[in-house]
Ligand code: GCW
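As a starting point, one isolated chain is supplied in structure tokens, in the form predicted on its own.
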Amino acid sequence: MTLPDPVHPAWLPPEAFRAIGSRRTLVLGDGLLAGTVHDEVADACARHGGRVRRGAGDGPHDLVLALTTAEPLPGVAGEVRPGSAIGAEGYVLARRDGVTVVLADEPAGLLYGLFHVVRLGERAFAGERQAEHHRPAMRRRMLDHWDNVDVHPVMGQVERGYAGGSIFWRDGAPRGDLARVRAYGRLLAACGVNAISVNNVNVHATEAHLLTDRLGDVAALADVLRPYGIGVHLSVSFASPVVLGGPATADPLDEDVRKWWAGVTERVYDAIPDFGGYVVKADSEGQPGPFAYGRDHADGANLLAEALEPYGGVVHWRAFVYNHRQDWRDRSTDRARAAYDHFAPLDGRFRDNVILQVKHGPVDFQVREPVSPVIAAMPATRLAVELQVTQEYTGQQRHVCYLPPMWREVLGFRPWGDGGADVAELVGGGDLVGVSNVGDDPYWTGHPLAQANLYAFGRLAWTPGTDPAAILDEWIDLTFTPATPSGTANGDAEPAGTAETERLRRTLHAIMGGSWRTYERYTAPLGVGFMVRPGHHYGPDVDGYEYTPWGTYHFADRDGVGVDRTRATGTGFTGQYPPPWSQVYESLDRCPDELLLFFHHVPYGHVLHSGSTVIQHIYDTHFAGAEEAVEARRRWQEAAGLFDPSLHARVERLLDEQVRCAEEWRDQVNAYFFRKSGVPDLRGRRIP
């Protein structure tokens, strides 16, 4: 695929297809996505000298990509065909007698199998490979775009977007750049994503009309994304009947309201037969919802689910509901409790096609939070875990912050302790949702290295147990594929370019692998969260939200810091977890250091499990984090010759900003707590 100039190809540069494009390929199967598979291979062959045939034909073939329903299957493909179903999106990968085979029951599986071969490169055509069965752990691997059709006066074209404008909308209208949208769908399919929502969950006046008179704009996007298996969803306002000229009420139990939603939804499916469903933010941060009518969230969600059910659609109902007008003097009200208090009593009341979308932590995508207790509290409700790929609280794509290590911890968390199911298993077969970090920036994500977070979201949604370091290797290998095949130079045993490739890999691992923990070190300590500038949320402001109604407090005083969320003396939030975590988090002695200030208010002299006091930990980590940012910049500067000059220059400028901001975080946080506590740094370092 030719991208609009000067758009970066991300993890699908033409060179990544060399192994396929230089060989003889047979594609067997009908359907739109099977056609996409053929076209991808044909494009690669045109570049790299191979050939591709679609339909039965004489061999020989190096690669066979076939649906199990195709007849006749060539010899090796027939031999590796399994006796049981592969699954709608699954595939089997094998290599025997010099032929690499991908088999799938459905065209979507064939597409994902093709991209698996792309990831493997030459390894896909070496030696023998026993039949491997690959199926996604999550049925729906979805990205929510917080894109506005109109430019919002405060939030702009993309709310919490740090990569330019929207790739869908511009100044109240569609962008019309459908080639860029198609390229986006291709990137998503290559990492396993199969669904997106195309507009902001905060639905404003213009966006509300996407449901009715501007539905054609959504259908145009669906048409472009369909060849890559990407289903389209739409964020809708709960008050749509009132806003769009229907009934004068949005009461979910009103018969006229039910009929209105049924009629509107029928017209949506007439325009987009494979439409995915609705995304709803209700009774949250000023968005309308069922509370206005004395109803609860089950009533509201079931209203939309009923309208969607005849067509197989789903409603993603967000559990991000809390009091954003809290009295900061009131320490009994706890924003962290809110989702559980609102939704856990409703377990079992939601229709089967309601998916309760739960942020991974109980507050708001902080650099460190415990896993939301809602995930373990609703066994009779379908759940989606929501991650934030866009870096609202993790450096806003001006800082390197590779997030998969955090996400892997979330997905691997076991609410009932060792031996119990982990989060990935609890929502297995369900949904993993990420807030997209994509915009119209030439590098897609603003910071070129933030592409790795987008890629890794899809890969973890497919296989949650994957090592984040291995995913980083995949992304590096694809994104920075050498422009020419490795050969030998000057008679050396080592292929030319291998040393440079390994140096590039080491550089990126050094800068990115531990970058989440680096960011944590120089920002809010020990899980206390926030301490950011209000509004835009970039940069330090320790007391920025401390006396506001948003419920994001640290309660630092001259004696100590942290939020008491214990059952014994605090808000009781620890009681929302099942054992053993309800006891672990309740106990000052057993609570993990990294979450201490989320659950406890402690003196500055409290000794952590690490042996350091809280105040010394704050000093040490903030000095260390800033130093690590400086070291990352040094490593990048030394690697100048390994990267495209324009990409290298972009990252270098961003690392300069990261160093500046990390030092500002270090100085503001350390100065704040030194002035509060009066306790000097044991190492005698300068604190402003």
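Residue positions are given as counts along the sequence shown, with the first one as 1. Given the structure is predicted, the values throughout are model-derived calculations rather than measurements.
This next part talks about the form predicted together with this ligand, which is not shown.
Undergrad: Within 4.5 Å, heavy atoms only, one stretch in 163-171, 194-202, 109-117, 583-591 touches this ligand in the model of the complex. Which?
TA: Heavy atoms within 4.5 Å of this ligand in the model of the complex occur in 194-202.
Undergrad: Answer yes if any heavy atom of residue 217 is within 4.5 Å of a heavy atom of this ligand in the model of the complex; otherwise answer no.
TA: Outside the cut-off, so no.
Undergrad: Since only the chain is shown here, I'm wondering whether residue 299 would be in contact with this ligand in the model of the complex (any heavy atom pair within 4.5 Å).
TA: Flag for residue 299 set to no.
Undergrad: Determine whether any heavy atom of residue 146 comes within 4.5 Å of a heavy atom of this ligand in the model of the complex, and answer yes or no.
TA: Residue 146: contacts this ligand in the model of the complex.
Undergrad: Does residue 393 reach this ligand in the model of the complex, with heavy atoms at most 4.5 Å apart?
TA: Contact with this ligand, yes.
Undergrad: Only one of 125, 443, 320, 604 comes within 4.5 Å of this ligand in the model of the complex by heavy atoms, so just point that one out.
TA: Contact with this ligand in the model of the complex is made by 320 alone.
Undergrad: Between 474, 422, 251, 159, only one gets a heavy atom within 4.5 angstroms of this ligand in the model of the complex; which residue is that?
TA: Contact residue from the list: 159.
Undergrad: Let me know which residues along 279-316 have a heavy atom within 4.5 Å of this ligand in the model of the complex, or say none if there are none.
TA: If the 4.5 Å heavy-atom criterion is applied to this ligand in the model of the complex, 279-316 yields 281, 285.
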